[in-house]
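Given next, in structure tokens, is a single chain: the form predicted on its own.
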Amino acid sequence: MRDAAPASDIDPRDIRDLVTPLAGLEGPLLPMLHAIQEEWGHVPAAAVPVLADILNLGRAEVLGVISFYHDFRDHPAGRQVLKICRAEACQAMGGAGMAAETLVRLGVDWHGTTPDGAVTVEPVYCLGLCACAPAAMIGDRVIGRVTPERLVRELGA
């Protein structure tokens, strides 16, 4: 991933160079969006017209796909991404209260990033760890039976 650059500094030619080799894939839009997000940490607005042009789609169609999938971001995330499960099993085991207290401790709301850019908090709907609810994920690591104290400690916040 490139260093975080302001979205306005991302050259559409760089986006085109990155995604054009993927145009021959079956259903190329999702691989292109993943490649862009992997490269810049988010899908900048400058990517929409480039993708629409390459794939002969309307800009609204590209935006519709980006907004449908929760994992695509329109701005860079923090250095760590904390995903807190909001599904039924976690709710039944106190997940709502745990999430609310964690958000207060971090000083952010859902989809927010701490002022120092260290942590972005996102909701997720089932991590497949229902037997160990409430669950959360830091980066690629799933954690069960979480508490606000444990999450803050694991994040180093």
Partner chain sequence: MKVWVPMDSAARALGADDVAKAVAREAAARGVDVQLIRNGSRGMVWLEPLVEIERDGQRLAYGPVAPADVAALLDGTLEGHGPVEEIPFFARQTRLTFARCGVIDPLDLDDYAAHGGLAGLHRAIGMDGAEIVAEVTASGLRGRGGAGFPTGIKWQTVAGAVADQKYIVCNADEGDSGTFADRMIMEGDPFTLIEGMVIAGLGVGATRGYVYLRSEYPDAIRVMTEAVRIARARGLLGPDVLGSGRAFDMEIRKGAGAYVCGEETSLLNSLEGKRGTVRAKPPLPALEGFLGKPTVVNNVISLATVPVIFERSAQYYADFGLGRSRGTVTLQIAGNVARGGLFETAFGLPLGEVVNDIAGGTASGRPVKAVQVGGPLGAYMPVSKFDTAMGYEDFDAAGGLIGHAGLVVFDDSADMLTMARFAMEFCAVESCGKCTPCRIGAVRGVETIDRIAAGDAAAIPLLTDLCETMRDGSLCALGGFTPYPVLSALTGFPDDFATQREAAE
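What you see is a predicted model, and the numbers here were worked out from it, not measured in a lab. Positions refer to the first chain, counted from 1.
Separately, the form predicted in complex with its partner chain exists; it is not shown, and the next lines address it.
- Partner contact region in the predicted complex: 128-136, out of 46-54, 114-122, 128-136, 101-109, criterion any non-hydrogen atom within 4.5 Å of its partner chain.
- Within this chain, residue 36 is remote from the site of its partner chain in the predicted complex, having no heavy atom within 4.5 Å.
- Put simply, residue 97 is far from its partner chain in the predicted complex: not one heavy atom of it is within 4.5 Å.
- When its partner chain is considered in the predicted complex, residue 87 lines it closely, a heavy atom lying within 4.5 Å.
- For the chain shown alone, residue 12 is not a contact residue for its partner chain in the predicted complex, no non-hydrogen atom being within 4.5 angstroms.
- The partner is not shown here, but in the predicted complex the stretch 61-75 reaches within 4.5 angstroms of its partner chain through a heavy atom at 64, 65, 67, 68, 69, 70, 71, 72.
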